[in-house]
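Okay, so here's just one chain, in structure tokens, the form predicted alone.
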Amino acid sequence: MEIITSILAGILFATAIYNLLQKQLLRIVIGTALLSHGAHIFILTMGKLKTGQPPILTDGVSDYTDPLPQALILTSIVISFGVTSLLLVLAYRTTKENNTDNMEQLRGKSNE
């Protein structure tokens, strides 16, 4: 199971980097969102996936799941949602102000 989630995290990282290197602003925003999702899955995988185990110690439980990766991922999801929302608003505003979402044109280079 950990190998599958590691491969999934790698695929998300690869598609995120591909989208970050594109010229359109929306693809760059999607790339940052995919990068954060890949980091979430990576953190979850590094926490050693255990199914069917409680996340806290109670009486009679000898094997438990570490709750720290789950707490880190939950915090990271909230932060990445805020960052993605901010980037979407900035991309929308930039597109409306400049009538383009092409990074080459926004930098002032001609697109020939």
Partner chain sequence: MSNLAVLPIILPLVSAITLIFFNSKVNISRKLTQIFSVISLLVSCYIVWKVFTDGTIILETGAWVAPYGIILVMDSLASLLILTTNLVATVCAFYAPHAGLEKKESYYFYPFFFFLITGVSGAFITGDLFNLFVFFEVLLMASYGLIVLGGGKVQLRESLKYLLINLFSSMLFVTAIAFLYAVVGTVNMAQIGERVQEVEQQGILTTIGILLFFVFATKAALFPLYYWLPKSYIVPNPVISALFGALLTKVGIYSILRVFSLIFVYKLELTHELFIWVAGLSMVFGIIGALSTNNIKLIIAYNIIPAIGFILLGIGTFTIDGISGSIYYLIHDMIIKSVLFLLVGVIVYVAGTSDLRKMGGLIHYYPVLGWLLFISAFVLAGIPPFSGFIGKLLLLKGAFASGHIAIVIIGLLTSLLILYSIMKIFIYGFWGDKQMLGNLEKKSTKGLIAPVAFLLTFSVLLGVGAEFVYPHIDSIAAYILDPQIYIDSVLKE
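Residue numbers count along the first chain shown, from 1. All figures in this text were calculated on a predicted structure; none of them were measured in a lab.
Missing here is the form predicted together with the partner chain; even so, the following discussion is about that form.
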item	value
Touches the partner chain in the model of the complex: L20 (any heavy atom, 4.5 Å)	yes
Distance check, Q53 to the partner chain in the model of the complex, heavy atom within 4.5 Å	no
Partner proximity in the model of the complex: L8 to the partner chain, non-hydrogen atom cutoff 4.5 Å	no
Partner contact for M103 in the model of the complex: the partner chain, 4.5 angstroms, heavy atom	yes
Partner contacts in the model of the complex for 73-98 (non-hydrogen atom within 4.5 angstroms of the partner chain)	T75, S76, I79, S80, G82, V83, L86, L87, L90, A91, R93, T94, E97, N98
